[in-house]
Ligand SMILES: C[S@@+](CC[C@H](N)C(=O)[O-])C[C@H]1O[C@@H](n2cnc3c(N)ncnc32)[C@H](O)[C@@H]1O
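Below you will find one chain, with nothing else, as structure tokens; this is the form predicted on its own, and questions on how it binds or moves follow later.
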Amino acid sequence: MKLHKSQLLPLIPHYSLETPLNWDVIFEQKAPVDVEIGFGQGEFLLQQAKDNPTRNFCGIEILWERVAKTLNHITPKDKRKPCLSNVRILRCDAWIALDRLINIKSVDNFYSLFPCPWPKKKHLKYRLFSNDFLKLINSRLNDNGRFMMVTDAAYFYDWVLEQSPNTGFSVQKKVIDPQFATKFEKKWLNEGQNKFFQVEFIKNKHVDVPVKENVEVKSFKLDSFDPDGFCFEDYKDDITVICKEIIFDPGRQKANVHLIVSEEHLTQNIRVAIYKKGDYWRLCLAEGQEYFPTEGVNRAIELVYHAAS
């Protein structure tokens, strides 16, 4: 889906902003903030924003097709239609958004409607609302804040309830009728399901989970560089660094090393540049990338340095 430049304005440029995010600056108004995790087609997010113009709403979603469709409703191409000024979009993995971008005690309510239940046993590790993630949600909620999750899957509902002890929440559960008119709710209705499972987590004790801080990214100098002698061994420990390829341009005297860096819940593709500068070679992150400056990125740069030395 092609969008006009103006329609991209609700997207939060999180790679270029100081973190944790300042909601007052992002929304250009001071108001309570609610966050929907995995907003799908944006039906609930946008309806909440329309019904509550004195509140701010942030939606988190990783899939661009869903983000684009929602942006098209926030700021339609038809300028005669009203625009929603109290909605912002974070195109980001939810765990990373809470872990690195959203500040402690800065959100009134979290919502998640019909999240993927990852039904296969081999996919259990991908389920989002684990005990650790519930603690992370708790830490980002204001005192007495709440998190509401609704699912069609009884087994996922039971699993989430099993994750709830020692997360700083009191838990209320109930079976509800359809009421959100989202794509997935309609799908299950069409397939004959007319009862869904709701869990509300009400914060009654704060669980402290600090916001992950960015680090200063390293760079190095090399007296010489031989691309034929470059030998990178993949690194697998608390941080995993895998080299995908190295491209060397002899005319420009420049190498580009493509790496995948995985640490905790974050996986990033980065490129390290090695290029001639005067009487030495500079080794640093290539320009024009979007990335989180982490210990894993620094480890990757160090490994490239050792492979190039």
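In case it trips you up, residue 1 is the first one in the sequence shown, and so on. Since the structure is predicted, the reported quantities are computational estimates derived from the model, not experimental observations.
This protein has a second form, the form predicted in complex with the ligand, left out of what is shown; the following refers to that one.
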| item | value |
| --- | --- |
| Triple contact flag Phe39, Ile60 and Ala94 to the ligand in the predicted bound form, non-hydrogen atom at 4.5 angstroms | yes |
| Close approach of Phe114 to the ligand in the predicted bound form, 4.5 Å, heavy atom | yes |
| 4.5 angstroms heavy atom contact with the ligand in the predicted bound form for Leu84 | no |
| Thr182 within 4.5 Å of the ligand in the predicted bound form, heavy atoms | yes |
| In the predicted bound form, Leu128 touching the ligand (heavy atom, 4.5 Å) | yes |
| Interface segment, criterion being heavy atoms within 4.5 Å of the ligand in the predicted bound form, picked from 245-253, 279-287, 63-71, 24-32 | 63-71 |
